[in-house]
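One chain is shown next in structure tokens, namely the form predicted on its own.
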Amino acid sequence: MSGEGPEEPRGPWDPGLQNERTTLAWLRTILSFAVGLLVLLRLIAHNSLAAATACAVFTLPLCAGIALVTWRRHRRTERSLRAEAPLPDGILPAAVAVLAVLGGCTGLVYVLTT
């Protein structure tokens, strides 16, 4: 193995698996939003398919994007913890807040279409 770069450490950074548990919590939150939005979109589609489609275009891709950001954040956090560098920024909480607002707007569309 001589002549190659430093070996990537194996295993979690800490025995408490804080980074892993945080990542799973974010993924559960995103999954909950996605399931709730799907149910809400189904209810909206009963009255207006166009409104349901419009809401789905804005919300469901955001759910998928946030899930990808969560996974990337997990890897960046793991590297930062091992290097004792600053942790990642607050893009993930901001994106989830945007998703919550869009979910609320989708609920408002449901109320207005019924």
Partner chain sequence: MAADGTGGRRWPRRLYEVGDEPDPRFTLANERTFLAWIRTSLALMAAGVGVEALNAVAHEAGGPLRTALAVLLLLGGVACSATAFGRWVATERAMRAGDALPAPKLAPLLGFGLTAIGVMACVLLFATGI
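Numbering follows the first chain given and starts at 1. We call the rigid core the largest set of C-alpha positions that still match within 1.5 Å between the two forms. What you see is a predicted model; the values in this text were computed from it and never measured.
FYI, the form predicted in complex with its partner chain isn't displayed, but the following is about it.
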Contact of residue 32 with its partner chain in the predicted bound form (heavy atom, 4.5 Å): yes
With heavy atoms only and a cut-off of 4.5 Å, decide whether residue 11 touches its partner chain in the predicted bound form. no
In the predicted bound form, does residue 48 have a heavy atom within 4.5 Å of its partner chain? no
Quick one: is residue 56 in contact with its partner chain in the predicted bound form, heavy atoms, 4.5 Å cut-off? no
Scan 24 to 40 and write down, in order along the chain, each residue with a heavy atom lying within 4.5 Å of its partner chain in the predicted bound form. 25, 26, 28, 29, 32, 33, 40
Just checking, between this form and the one not shown and with the core aligned, does residue 17 shift 2 Å or more at the CA? no
